[in-house]
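Only one chain is included here, represented as structure tokens and corresponding to the form predicted alone.
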Amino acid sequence: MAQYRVLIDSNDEKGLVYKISTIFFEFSLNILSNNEFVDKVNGKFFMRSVVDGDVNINDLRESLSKTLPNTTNIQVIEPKKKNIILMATKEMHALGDILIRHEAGELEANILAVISNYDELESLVRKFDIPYVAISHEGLERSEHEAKIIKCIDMYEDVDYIVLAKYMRILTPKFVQTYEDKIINIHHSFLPAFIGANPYKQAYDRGVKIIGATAHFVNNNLDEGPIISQEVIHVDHAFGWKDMQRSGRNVEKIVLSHALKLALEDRIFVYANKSVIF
């Protein structure tokens, strides 16, 4: 028997769980796990079910579509490793953490390549037998540089996610639109505070008592895309901004890897620039 992830979101109404469960029963599917959430303010319903059995995916999707409201979005996914491309600049902590987790079999992913605008990280990546592509931005307009990156990415088939593992360049609207809802970024701050460059210096100047990191999907508003995962640690007056930066790097890599794991396991619903995480 095969296993499937069924993701459903729609306008909320009475009886949705009953209707969905009935269809699962009619298709002789066994529910292995089930999560539901209703956003009462916006009248939205979300459900993630893991089922197993022998079923035609298109038939199941069609039956659900006929039974549920017209506003319903339905995905029936057969779990398999997703294809990802990592992008980085010079810092290795976030990239290295993902590479190690991948090597240890902790991520449901195929890392197709690592793309960088420098060659500093090539020796690290080569240790994991993963292609490394350095595309320098020197002497190029941002759009010209990104055109080269897009051409490189397009060499790989079926890219599910692009992960910015401390890729320290602002992406243009064209790049974001090309890979809409596919780009995951780690920001070295507990958003929405301290947006932009050197947030640890900003945090130090403000005298904060906690620092953190935020993983989010990228949109055309800088560091304001739907948040996937966040974490914080405590600091005090003895921390200089470089001390905060060193401590923050540990948080950054953990938060990014956690967010990526959620995406690979189809646990994220995005709506209204927010996320529902199961």
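One rule holds for the numbers: they count along the sequence shown, beginning at 1. Remember, it's a predicted structure, so these values are computed and weren't measured experimentally.
Here the subject shifts to the form predicted in complex with a further copy of the same chain, a form of this protein not shown in this document.
Trainee: Answer with yes or no whether Lys148 is in contact with a further copy of the same chain in the predicted complex, where contact means some heavy atom within 4.5 Å.
Mentor: Residue-level check for Lys148: no, no contact with a further copy of the same chain.
Trainee: So in the predicted complex, does any heavy atom of Leu124 sit within 4.5 Å of a further copy of the same chain?
Mentor: Yes.
Trainee: Using a 4.5 Å heavy atom cut-off, state whether Gly248 contacts a further copy of the same chain in the predicted complex.
Mentor: No.
Trainee: Verify the contact flag for Ala104: yes if a non-hydrogen atom of it lies within 4.5 Å of a non-hydrogen atom of a further copy of the same chain in the predicted complex, no if not.
Mentor: Judged by the heavy-atom cut-off of 4.5 Å, Ala104 is in contact with a further copy of the same chain in the predicted complex.
Trainee: Among the candidate residues Ile162, Val208, Leu171, Ala109, which is the single one with a non-hydrogen atom no more than 4.5 Å from a further copy of the same chain in the predicted complex?
Mentor: Of the listed residues, the single hit is Val208.
Trainee: Judged by heavy atom distances of 4.5 Å or less, which residues of 13 to 52 approach a further copy of the same chain in the predicted complex?
Mentor: Residues within 4.5 Å: Lys14, Gly15, Val17, Tyr18, Ser21, Thr22, Phe25, Ser28, Leu29, Asn30, Ile31, Leu32, Asn34, Glu36, Phe37, Val38, Asp39, Lys40, Val41, Asn42.
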